[in-house]
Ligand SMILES: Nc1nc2c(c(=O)[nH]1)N[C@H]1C(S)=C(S)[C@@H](COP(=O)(O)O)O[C@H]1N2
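First comes one chain, alone, set out as structure tokens in the form predicted on its own.
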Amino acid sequence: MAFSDEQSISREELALAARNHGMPLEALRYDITPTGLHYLLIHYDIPVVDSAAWRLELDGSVERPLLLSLDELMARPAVTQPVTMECAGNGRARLSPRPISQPWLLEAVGTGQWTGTPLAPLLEEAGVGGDAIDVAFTGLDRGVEGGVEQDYVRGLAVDEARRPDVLLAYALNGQPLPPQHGYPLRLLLPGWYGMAQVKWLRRITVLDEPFTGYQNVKAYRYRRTPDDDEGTPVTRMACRALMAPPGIPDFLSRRRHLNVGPCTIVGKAWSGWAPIERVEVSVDGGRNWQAADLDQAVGPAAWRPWTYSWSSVEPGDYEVCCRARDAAGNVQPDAPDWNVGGYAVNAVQRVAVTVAADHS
């Protein structure tokens, strides 16, 4: 992993940023993110898939290997559930030194209504062997990473794969998956970071030994130093709250501008570890915190809406912050926790706001 102490973005990072995109933070006002606003990260290229010829293989340490068409999968019992998904690298562009990778600020998140069929019954139908340890999910996308040509493959412990909320998803927000979101089929693993939700899924392999592929063993691991070869795996989403920045933006700096008067700040909070139980807001850079009002989430795996009434908005410059706490006791830190890959960077959001009597 390369690093930069400079504020400038490299040509390589710019190329990544041009093909991926984040969710504009004003879209936090939607409970369900419109498909075109949902964040997007594509590791290699978007494959062109003929859905009529496409088949999903389920093989490995099973008694009855399966070969299923898209129509056969769609004929099985279907589930629709709202799920919040976040990129593991969300926030890495704010680190110093900055890991050279997709330069996310805060926008790599979204919540979709995903429709698919549960994975667990297919594993049962195939007859998973008693010696099964991991399940490998192989996508159709292929590239070179770490100097190795490879398919995008992620491994998952068999007990995680058997969770009842894990889906093989073929629709997003009531429509077939768009090509960039994994058409015709992707894995949906609620609570986990996006790298685990393998797109363009073509094969599921049950393994009787630990999975040792690149995306699990080399990539997506917390390492404190580049020499820390093993680290620990990136799994579930860290506790986080984000606000839709109040007021209107300066075109270039994105500094916010408000008029004097009451202001309602809205946002969303989520955690892959436990339900959100508290969100707090500060308008003075984190010196004093006040509780926000929490609304009900649209589903158990979806972010939780919150609002805060900023009643005494007087002229001046402010730093508005928000932070969340989940039921497991996880709280957003004031400063980012640095790691080599820039993963799970969930520090308190800070928004610069200027209040004037009239900003027209």
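Computed from a prediction, not measured in an experiment: that's the story for all the values here. Note that residue numbering begins at 1 and tracks the sequence as displayed.
Absent from the display: the form predicted together with this ligand. The rest refers to it.
Only one segment in the set 62 to 70, 296 to 304, 314 to 322, 38 to 46 has any non-hydrogen atom within 4.5 angstroms of this ligand in the predicted complex, and it is 38 to 46. In the predicted complex, no residue of the candidate spot (Y222, A241 and W338) has a heavy atom lying within 4.5 Å of this ligand. Of the residues given (V158, I265, L95, M195), M195 alone sits with a heavy atom within 4.5 Å of this ligand in the predicted complex. Taking a 4.5 Å heavy atom cutoff to this ligand in the predicted complex, the contact residue among C87, L106, V234, I204 is C87. Proximity of G191 to this ligand in the predicted complex falls outside the 4.5 Å heavy atom cutoff. By the criterion of a heavy atom within 4.5 Å, W200 is counted among the residues contacting this ligand in the predicted complex. Interface membership of E280, defined by any non-hydrogen atom within 4.5 Å of this ligand in the predicted complex, is ruled out. Q180 belongs to the set of residues with a heavy atom inside 4.5 Å of this ligand in the predicted complex. Along 128 to 143, residues G139, D141 each place a heavy atom within 4.5 Å of this ligand in the predicted complex.
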